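A single chain, nothing else alongside it, follows as structure tokens in the form predicted alone.
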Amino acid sequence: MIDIDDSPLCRDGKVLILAYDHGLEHGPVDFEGVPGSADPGRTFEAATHDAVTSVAVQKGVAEAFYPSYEEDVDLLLKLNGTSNLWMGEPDSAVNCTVDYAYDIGASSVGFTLYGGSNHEIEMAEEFRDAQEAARERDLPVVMWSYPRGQGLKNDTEPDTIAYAARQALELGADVAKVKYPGSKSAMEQTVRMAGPTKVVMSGGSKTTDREFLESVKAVIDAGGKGLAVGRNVWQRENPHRILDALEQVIFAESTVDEALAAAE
């Protein structure tokens, strides 16, 4: 496992990834509340905020927008992803190679693994190839570790999320992006299971500022290293305001009240 604390993916050992792969994964529905959010340039502009360590996008968005922001934004290229039009057992197409990601300027790569899916074995083998290629380029690897599939009764159960973090460690991910397991104590168990792999919380569906920040605060207090967030930032009319607050919670380890006050 490589030391990523000094990589562009981290700031003071913490991580705040601004994820914007939702146009592929979810489709236009995610942009309806704030129509301007369909413009990737708006999210790249938000990613220039000091709190953001990397912006995570698919290949086509990176090709079209990253050249205009490469001086101000760090690129995490998502190697796989599948549209919400796909109705089969959870799976994810590999859309980009590590070498191509490196060539267009990515300093880290991301890969989704659906543990528990009928396609888990194939996905794990694809992750192996990506992880080993990334090691040759000295690129950190972030696993979107999302247990999912017809045999899985509850993908938000704390033991399942802890298993997802452990799976990321066992397969060689540097960072595990997992769902919030519902409490600080459950997140502590998740962090323990991940060992040296950094654990970051998936931002999930949009909630109120306070609800969102309280969950992020619980993750940091439990030993988590940050956040990979999309909708809870770019679905807001003012993304910079919530990023101001996240900077306080993640990097300054402020209280939620202090963070909200700083973002006024």
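Note that residue numbering follows the sequence shown and begins at 1. As the structure is a prediction and not an experimental result, all values here were calculated from the model.
Here the subject shifts to the form predicted in complex with a further copy of the same chain, a form of this protein not shown in this document.
For the three residues 87, 115 and 167, a heavy atom within 4.5 Å of a further copy of the same chain turns up in the predicted complex in every case.
Contact between residue 72 and a further copy of the same chain in the predicted complex is not found at the 4.5 Å heavy atom cutoff. In the predicted complex, a further copy of the same chain stays beyond 4.5 Å of every heavy atom belonging to residue 183.
Contact check for residue 58: a non-hydrogen atom falls within 4.5 Å of a further copy of the same chain in the predicted complex. Although the partner is absent here, residue 138 sits far enough away that none of its heavy atoms falls within 4.5 Å of a further copy of the same chain in the predicted complex. Exactly one of the stretches 201-209, 235-243, 222-230, 36-44 approaches a further copy of the same chain in the predicted complex with heavy atoms within 4.5 Å, and it is 36-44. Annotation for 103-139: interface residues with a further copy of the same chain in the predicted complex are 115, 116, 117, 118, 120, 121, 124, 125, 126, 128, 131, 132, 135 [heavy atom within 4.5 Å].
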